[in-house]
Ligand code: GAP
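Next up: just one chain, as structure tokens, the form predicted on its own.
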């Protein structure tokens, strides 16, 4: 699409998307979903839920959108979740510094503050609005800060992702899954990022919708039960060390292009979802993160990208995050976020442990010594190694324990199993970006008006119902037909205003897969006309068969297909 504004104009006119707070001049980075957009969003989320919860058996959680500060201290968001911005000394406008450096460096987001500033200065980059001089890049944490409670309130933050709620609940997820791996959880909900300069419609928002899964694995067995069924399926890959290619899952894993079978499987599931909902396969690819782009804890990471009027846009990130997240929360909270694998026969092993020094600890912590020693003893050795102190959580209190209170020791013991911190595969989907991409990929101009060729799966209205004339009993038949369709759970739209051609055009413009017209012949032969949106073909169908015919057309089949007739 040459001009995305044409689509955004249609979205506003037809009730998909509205600029938030428009009567007050709007607010950058915020959009309202109108009636059709809200319905389409629910359809997208419902199909994602069907694949991940019903078919794959992952557990759906709903966690709070506000979390206390220690959660984000542990996750690293307080220290590292920041972008660099520059400010115009003339007009005061702010910009993402790395966005202004696009085309000047392969990956400007990976540059340090001074490096990025030098790059902009050497290339004489000025304010895009007024050509004024820009300040040196400054770091800005993207989380929205708030207070929890009155008086001496605790600091909290609106979550910048849904993932942390699943990480902190790992022990409950593990127990609910009968203490077997792999096990996973999903969450669909709102996240918040105080973006510096959101501009590209739905592609960069300050309040946005996510669908995320966190799937936990044994570190040495990263595979999925259904992998064998799909390993011959093909993926369009853009590796960071070679040219674009198309490879089967099996070949990608065996060659080391994709790190492991579990990651490959969830990449395939991501592709299946995207094609199901209507992303054009010819304008879709998986791009592997560059070495300097990949998080330090990630084994491998791929973005599902789609080509749009704004260029190639990330829709989904699929990453092997290792054990970073659970270890971080384990260290900061002292909670047991490990899994246990029982051996066939007990084994005698020598291992390194954290041993509390009760005499030293007793002088410092007195009555808390026993409880605190129990927490410290559960810490992994690497959590305390070469550190002057370690911070743990005891009954909601943060306690700093100096290194004089514990030591690393080697013990020999007989064990019945192995305790370990699981690794996680994370597919993270951006709902708003997916919805926008579906609208753009479905956008067609035909006969001087726009048609949205949306998949029936996500179309907000499934069928239009028209009486040829709003009289002579045709409207009564059409109303009864409308009621029967709605009663079967099909989103229908009744319209008796204007010519049939105009009514068809209105339905085409909002992506309705088919329309049913009640005419004078209906009163004689009990048949109606069903019109297909994309081909404009029309067939006559008995009133009793309309529901089956509509379901066929929603699913991309002929209205008279024997599948449902």
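Positions refer to the first chain, counted from 1. This structure is a prediction, so every number in the text was calculated from the model and none was measured.
Not on display, but discussed next: the form predicted in complex with ligand GAP.
*Asks:* Verify the contact flag for residue 430: yes if a non-hydrogen atom of it lies within 4.5 Å of a non-hydrogen atom of ligand GAP in the predicted bound form, no if not.
*Replies:* Yes, residue 430 sits close enough to ligand GAP in the predicted bound form that at least one of its heavy atoms falls within 4.5 Å.
*Asks:* At the 4.5 Å heavy atom threshold, is residue 305 in contact with ligand GAP in the predicted bound form?
*Replies:* No.
*Asks:* Can you tell me whether residue 337 touches ligand GAP? I mean in the predicted bound form, with a 4.5 angstroms heavy atom cut-off.
*Replies:* Because no heavy atom of residue 337 falls inside 4.5 Å of ligand GAP in the predicted bound form, the answer is no.
*Asks:* Give a yes or no for residue 333: in the predicted bound form, does one of its heavy atoms lie within 4.5 Å of a heavy atom belonging to ligand GAP?
*Replies:* Flag for residue 333 set to no.
*Asks:* Quick one: find which of 279-287, 404-412, 156-164, 448-456 has residues within 4.5 Å of ligand GAP in the predicted bound form by heavy atom distance.
*Replies:* In short, 156-164.
*Asks:* Within 4.5 Å, heavy atoms only, which of 341, 195, 368, 293 is in contact with ligand GAP in the predicted bound form?
*Replies:* Selected residue: 195.
*Asks:* Under a 4.5 angstroms heavy atom criterion, identify the one residue in 418, 472, 352, 314 near ligand GAP in the predicted bound form.
*Replies:* Spelling it out, the residue with a heavy atom inside the cut-off is 314.
*Asks:* Heavy atom within 4.5 Å of ligand GAP in the predicted bound form: which residues of 187-220 meet that condition, in order?
*Replies:* Stretch hits, in order: 193, 195, 202, 203, 204, 205, 208, 210, 212.
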